[in-house]
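So this first bit is one chain, no partners, the form predicted alone, shown in structure tokens.
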Amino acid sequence: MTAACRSSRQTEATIDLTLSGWQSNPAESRLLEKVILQFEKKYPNINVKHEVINSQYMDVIRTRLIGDVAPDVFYLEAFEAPTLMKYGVLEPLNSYITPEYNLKDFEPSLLNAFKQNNQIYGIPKDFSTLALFYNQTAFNQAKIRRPPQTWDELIQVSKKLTIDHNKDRKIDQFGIGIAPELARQSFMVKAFGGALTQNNQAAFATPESLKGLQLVVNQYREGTAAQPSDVGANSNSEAFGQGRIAMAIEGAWAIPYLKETFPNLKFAIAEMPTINNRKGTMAYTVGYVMNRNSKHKQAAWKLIEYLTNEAGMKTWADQGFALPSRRSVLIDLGYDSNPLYAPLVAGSKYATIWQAGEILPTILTNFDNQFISALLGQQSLSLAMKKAQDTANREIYLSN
């Protein structure tokens, strides 16, 4: 907004707010800017500075919180929320929320990700689950009539879709892409009754947890699955769009990317195959939170409220980068009936939220390092997970 425009609005005491977040797509930021402009028209005495932080986002936020120069409102992933809630740097929002705001419109599991001790510290702005993306052309060529319904079927379908055209052991198309990260594999830990944590400690090296993870390791070692780096891609979405993998486990963010970058790609999406007769997937959510030391808390709440009410959420949520967290907006925009998005919506009912208390960052680092080693066959999965669990618990103990 120009200086002239701003000066014309200063008929009463002007409040300057900072809203910080990251940008996953330029179009997403443009939509958010549009909502902010609408907000400033409604509240002409409030100026909003939208700050995009794409590099080391949480490191920047933590440093600013320590230095008491953090933004008034900022994005917060559910993954990071428990630590900031624990240390009291977020403003509880219960006293700001009115019945008219209709808190019950939000998916409960998403809202719960920002709750602690009956206090609400964040409002989920959006979410995505994981679902199975599949190349319809590849399926037709392999005479596969429908997407796999179970993980056993997924294994068999992956074999049919793995192609070496020149018979030179250089595979042209792998059956499926694998992202060997805990953020993508946490629901596999639970598939046979395992758990990621127990009593505030890492607990993923049990036989039950290993059974689900072993499915992923076996498939990779059998040569029907590939990591993005194996095929010269930066992500599974890119590998899928390039035709190097015939199936990918991805979220809503991949849909606009694939449509724009690979317009000739014919693909469809199905719910995740069941494992051990159980439905499972991951869910990721981001909330708007308020800095507890904000000097303009009422104005900061007005901004959060405007961004997350039905009208505000509808304005930016119709591009499909993520799913709106309000059920009414989800339905009104037709995501629950759209063939591409409906499987992702369905997954929200049984998904594992990407969150496990303040110890998750420690667990994440140790898991990822050792899981890659097991995937590559450098050590057994059981030994790798035992090392990861022991190291994580040692670090958790020392930090307490």
Partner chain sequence: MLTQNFWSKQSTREGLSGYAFMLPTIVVLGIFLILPIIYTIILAFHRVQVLGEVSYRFNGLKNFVRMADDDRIWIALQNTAEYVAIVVPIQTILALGLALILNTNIKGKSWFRVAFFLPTVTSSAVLTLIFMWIYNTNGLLNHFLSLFGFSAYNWLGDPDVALKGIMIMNIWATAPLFMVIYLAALQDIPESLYEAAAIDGATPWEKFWCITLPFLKPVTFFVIVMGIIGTFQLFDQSYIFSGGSGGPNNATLTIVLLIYQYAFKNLQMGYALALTLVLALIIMSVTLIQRIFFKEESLD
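Everything quoted here is computed from the prediction, not taken from an experiment. Numbering follows the first chain given and starts at 1.
Another form, the form predicted together with its partner chain, is not on view; read the next lines as being about it.
Not one of 183, 206 and 375 is positioned with any heavy atom within 4.5 Å of its partner chain in the predicted complex. Interface residue remark: residue 199 is not counted as part of the site for its partner chain in the predicted complex, having no heavy atom within 4.5 Å. Not displayed here, its partner chain is kept clear of residue 153 by more than 4.5 Å at the level of heavy atoms in the predicted complex.
In the predicted complex, its partner chain stays beyond 4.5 Å of every heavy atom belonging to residue 318. Heavy atoms of residue 337 never reach within 4.5 Å of its partner chain in the predicted complex, leaving it off the interface.
For the options 45, 365, 38, 29, the one in contact with its partner chain in the predicted complex, meaning a heavy atom within 4.5 Å, is 365.
With the partner removed from view, the residue among 190, 244, 297, 211 that has a non-hydrogen atom within 4.5 Å of its partner chain in the predicted complex turns out to be 244. Screening 326 to 334, 145 to 153, 249 to 257, 85 to 93 for residues having heavy atoms within 4.5 Å of its partner chain in the predicted complex returns a single hit, 85 to 93. Scanning 46 to 65 for heavy atoms within 4.5 Å of its partner chain in the predicted complex gives 56, 59, 62, 63, 65 in sequence order.
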